[in-house]
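Single chain ahead, written as structure tokens, the form predicted alone.
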Amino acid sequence: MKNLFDAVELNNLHLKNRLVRSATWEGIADFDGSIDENTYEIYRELAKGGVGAIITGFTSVSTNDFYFGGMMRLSDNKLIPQYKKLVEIIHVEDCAAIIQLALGAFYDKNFVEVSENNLSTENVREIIKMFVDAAIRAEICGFDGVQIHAAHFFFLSRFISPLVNHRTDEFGGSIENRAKILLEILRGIKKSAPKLHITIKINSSDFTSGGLDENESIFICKMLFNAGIDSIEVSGNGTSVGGIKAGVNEGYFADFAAKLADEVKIPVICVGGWRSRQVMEEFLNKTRVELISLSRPLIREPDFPKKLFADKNSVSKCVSCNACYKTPAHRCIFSGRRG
């Protein structure tokens, strides 16, 4: 029987329980990716709240990425001391620290966005190197792992989608070619930063006509498994579904996660609308899925894991209104974080 508060051993990673804070956008970093006490306080609260691992918010691998403002970055060695401090804050609470490595879009030297199909082969290899270099910095900072962000229609998600990628070189066309960028990033990180746990966040589906579907997503995940990925977090376009009620409609990516867990022999992490310990544990015990990840419930209650541990009948106070996404730093409008 799987208990939500079992300790779990993964490759290069020890977790004190099965709860993971899914990467959640804060948008309060400086233009160069620097972070300050406001960011440290958010992660301090999360770590104290009892979650087993924290995946940071979107952290760009590029200094020249202007997809939106407030991005954390790990694109320059000068940022290492700040992110090392972040890791130390998380580790104080016996919580694992994983940094989400991402790219919003690729911009050329003239600060012009270049579409996925107009990138040269050399540009694609430059992007692969950006991810690997950022992972090397993550290892120096002391992070326990990195997450390759290939979901939510950011750069890597668009690149692997047949709706977007119409390239005719080695990185386009077939599903194998479209996924090649992910495999090369994975292999590069494994070679250059071997102490890290490497996970990936991927869409179960693009939920768009002509986009990545469930069958292709599973195919890519199996390729990643064969190439040595350590775990996979399942998500999808159209995240943050409203109207979630405990015990009624939790776990909207659960079916795909269960299917994927039957196909790959590595831990699968499932995010998406979890609100109660009873439902989470029932799902874990009827499937091969190993971990549950949470986002909005931890915005409302950073200490939600401690509440779940203390009371098996505890349910999240999050009402899935998504108003947090309209506030600075994504704070809950009912019980915002300090500061």
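The shown structure was predicted, so the numbers you read here are calculated from the model rather than taken from an experiment. Numbers follow the displayed sequence, beginning with 1.
Below, we turn to the form predicted together with a small molecule, even though it does not appear here.
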property	result
Which of 133-141, 147-155, 89-97, 184-192 lines the interface with the small molecule in the model of the complex (heavy atom within 4.5 Å)	147-155
Within 4.5 Å of the small molecule in the model of the complex, all of Asn203, Ser217 and Lys259 (non-hydrogen atom)	no
Partner proximity in the model of the complex: Gly52 to the small molecule, non-hydrogen atom cutoff 4.5 Å	no
In the model of the complex, Arg275 touching the small molecule (heavy atom, 4.5 Å)	yes
Interface membership of Leu19, the small molecule in the model of the complex, 4.5 Å heavy atom rule	no
Heavy atom of Phe58 within 4.5 Å of the small molecule in the model of the complex	yes
Contact residue in the model of the complex, from Ser231, Ser75, Ser235, Ser161 (heavy atom within 4.5 Å of the small molecule)	Ser235
